[in-house]
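Only one chain is included here, represented as structure tokens and corresponding to the form predicted on its own.
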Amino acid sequence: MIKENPKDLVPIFFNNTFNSYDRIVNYTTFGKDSFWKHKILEQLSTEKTVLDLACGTGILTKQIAEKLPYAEITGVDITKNYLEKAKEKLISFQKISFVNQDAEKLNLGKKFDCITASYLPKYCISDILIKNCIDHLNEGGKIILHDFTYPKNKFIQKLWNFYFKVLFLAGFFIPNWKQVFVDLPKLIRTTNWVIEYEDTMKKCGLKTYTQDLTYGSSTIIVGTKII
């Protein structure tokens, strides 16, 4: 059911999964989601303003707030149900605000020291997303992108493929996630997001750093806006 535009999958994947998202992402990644987000946090130090794109239910947003307690943090998401869940979970964090916007049409009228995005790149066009990020980024600021990748090692590929067959069967018992488990592996196999975003960042004058994680099943790209 893969659409011509990966972004068309967003309402299919996320309209009815907000209540179970935190549990599912933790269980299906064997807790690696937390490890990957920790790798994102390692790139943060003294930032005073952070924009978290595709913040979802606020998992990463909360971790950023805990690491940078004095920073002003803005969470943006296209899906209202997920955004409401994030607001509900993080109501005690006074320095976090939330905005319902499309990352490819971002227009916040302010700039940030850092922009993060976990699981967003594969859905977006790199030229559009990076341009929007740069328009919202302070000099010397960072763009940190993270998403799934298809492993290059043949043996790991076989394990990866087998695991998604297991998830496909599990989808019969978790109806809201059934289509995700069908279409997500197809999308991950076909996307070239790492190459595309790295090339786009370099063309835009950003200094890039790329790190493959967990046997190549996940990748982080950091682009720094050179002063």
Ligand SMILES: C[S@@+](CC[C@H](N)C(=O)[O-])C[C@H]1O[C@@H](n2cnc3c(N)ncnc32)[C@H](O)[C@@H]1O
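Bear in mind the structure is a predicted one, so any value in this text is a computation, not a measurement. All residue numbers refer to positions in the sequence shown, first residue = 1.
From this point on, the text means the form predicted together with this ligand, which you will not see here.
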query	finding
This ligand contact at T149 in the predicted complex, heavy atom, 4.5 Å	no
Contact test in the predicted complex: Y119 vs this ligand, heavy atoms, 4.5 Å	yes
Proximity of D113 to this ligand in the predicted complex, heavy atoms at 4.5 Å	no
Heavy atom of K7 within 4.5 Å of this ligand in the predicted complex	yes
Complete contact of I144, E196 and V222 with this ligand in the predicted complex (any heavy atom, 4.5 Å)	no
Interface stretch in the predicted complex with this ligand - options 101-109, 67-75, 133-141, 153-161, non-hydrogen atom within 4.5 Å	101-109
